[in-house]
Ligand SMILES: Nc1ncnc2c1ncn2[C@@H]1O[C@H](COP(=O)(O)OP(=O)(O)OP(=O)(O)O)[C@@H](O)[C@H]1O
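Quick heads-up: it's one chain on its own, the form predicted alone, in structure tokens.
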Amino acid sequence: MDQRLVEATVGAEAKVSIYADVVIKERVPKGYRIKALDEKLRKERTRLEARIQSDARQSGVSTPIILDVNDYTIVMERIKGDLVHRVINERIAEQVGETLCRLHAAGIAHGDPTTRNMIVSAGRVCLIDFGLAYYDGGVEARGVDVHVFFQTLEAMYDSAQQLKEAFLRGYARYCSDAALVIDRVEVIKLRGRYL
């Protein structure tokens, strides 16, 4: 492993250290929890994240290859490329739709499919950060994922409508029940307005 640290970030759940060839994601302790409970939750969530990411990859979704997992840490390959939020266009949005549909077809909801949790590498969209992912192939879970992606587009891009339409083309190409999911997105959007 090349030991040169490229970047390090700390989020709500984990510290991520990016090296030249690998990424190390370590779930950090929560001081407000009872220590035994904290350790148990961090272990379970680390293993679940690794399992879901691996299952997604085996289902044809581009994700980083997991190299090692221990109690609180996942070591995975570093995907070199551009974060989707920096380079998105209609072609990439369409690929995001295809990728998210493949993930959903595998019975997995990403939980946080924002343009910052996707990398364009070698012409493919690669999903990263499965920390909020869970197993659920239902229309509601899929609709929430699509809604989160759409909210990201609306918040960040003047061309949000064109990007959403491109996403839908890609999503519908591989998901036979895409219309059900899109109908649910509208219900979720309306529900969110009154919270």
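So that there is no doubt, residue numbering starts at 1 and follows the sequence shown. These numbers come from a predicted model, not from an experiment.
Although it is not shown, the form predicted in complex with the named molecule is what the next lines describe.
Legend entry - Candidate site V61, L103 and A172: all three near the named molecule in the predicted bound form by heavy atom within 4.5 Å: Not a single listed residue reaches the named molecule in the predicted bound form, so no.
Legend entry - V146 within 4.5 Å of the named molecule in the predicted bound form, heavy atoms: Heavy-atom contact with the named molecule at 4.5 Å: absent for V146.
Inset, instruction - Please check if E90 has a heavy atom lying within 4.5 Å of any heavy atom of the named molecule in the predicted bound form. - result: The answer is no: E90 has no heavy atom within 4.5 Å of the named molecule.
Inset, instruction - Decide whether H85 counts as a contact residue for the named molecule in the predicted bound form under a heavy atom distance cut-off of 4.5 Å. - result: No, no contact at 4.5 Å.
Legend entry - in the predicted bound form, I119 touching the named molecule (heavy atom, 4.5 Å): Yes - in the predicted bound form, heavy atoms of I119 and the named molecule come within 4.5 Å of each other.
Legend entry - Option from 34-42, 127-135, 160-168, 147-155 whose residues, in the predicted bound form, bring a heavy atom within 4.5 Å of the named molecule: This holds for exactly one stretch, 127-135.
Inset, instruction - Using the arrangement in the predicted bound form, list in sequence order the residues of 75-113 with any heavy atom within 4.5 angstroms of the named molecule. - result: The stretch touches the partner through M76, E77, R78, I79, L83, D112.
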